[in-house]
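Take a look at this single chain, the form predicted on its own, given in structure tokens.
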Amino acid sequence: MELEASIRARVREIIASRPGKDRAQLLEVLHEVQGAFQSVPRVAAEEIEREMGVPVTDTYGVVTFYDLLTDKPTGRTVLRICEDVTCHLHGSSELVAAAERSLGPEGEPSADGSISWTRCACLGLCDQAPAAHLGGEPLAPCTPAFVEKAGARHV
């Protein structure tokens, strides 16, 4: 219950820092919530409904639609590997294989919680394929060697 109360309090702070409590602020609020908790927990969605009037189902519709948001716990740093057509044709499957070898199963935080990895849709870096993001920073073109080095630093 204490954790739940602290999540609710932090969500209220995030919402209060925005210029308004309307639905137009939802995506920014969700990004800040995820930054604070490495995911968008159910209790956060409930507090968003209470404070902004956006139903939990709508909030989770946004969370599950956008690849950069998640309702599942992640590592503090997330490696996102683009798997759109262009990146796939330029070797993103090799990046995925390197991530599996060095970071473990997709979506699972490392033992110390420092990093996790996931596949995602287009990152907007098609001209530099294959692309990835590490902690929100673009990596393009990305190499399997870089992915393995990232894994070595975080395990």
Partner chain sequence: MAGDFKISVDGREVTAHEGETILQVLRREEVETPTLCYHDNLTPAKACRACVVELKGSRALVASCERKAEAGMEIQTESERVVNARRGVFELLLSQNDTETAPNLVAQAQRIGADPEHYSGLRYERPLYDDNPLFVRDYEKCILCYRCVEACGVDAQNTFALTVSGRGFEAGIAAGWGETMPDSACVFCGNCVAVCPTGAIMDRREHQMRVQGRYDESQMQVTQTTCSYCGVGCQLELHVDQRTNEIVKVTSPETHPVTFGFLCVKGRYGYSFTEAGRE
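Because the structure is predicted, anything quoted here is derived from the model rather than measured. Positions refer to the first chain, counted from 1.
In what follows, reference is made to the form predicted together with the partner chain, a form of this protein that is not presented.
Participant: Taking heavy atoms only, is residue 51 within 4.5 angstroms of the partner chain in the predicted bound form?
Facilitator: Taking the distances in the predicted bound form, the answer for residue 51 is no, it never comes within 4.5 Å of the partner chain.
Participant: So, residue 56 and the partner chain: in the predicted bound form, are they within 4.5 Å at any heavy atom pair?
Facilitator: Yes, contact at 4.5 Å.
Participant: Examine residue 103 and determine whether its closest non-hydrogen atom to the partner chain in the predicted bound form is within 4.5 angstroms.
Facilitator: So residue 103 does not count as contacting the partner chain.
Participant: Quick one: does residue 98 come within 4.5 Å of the partner chain in the predicted bound form, counting heavy atoms only?
Facilitator: The answer is no: residue 98 has no heavy atom within 4.5 Å of the partner chain.
Participant: Please determine whether each residue of 42, 45 and 61 possesses a non-hydrogen atom within 4.5 angstroms of the partner chain in the predicted bound form.
Facilitator: Every residue of the candidate spot has a heavy atom within 4.5 Å of the partner chain in the predicted bound form.
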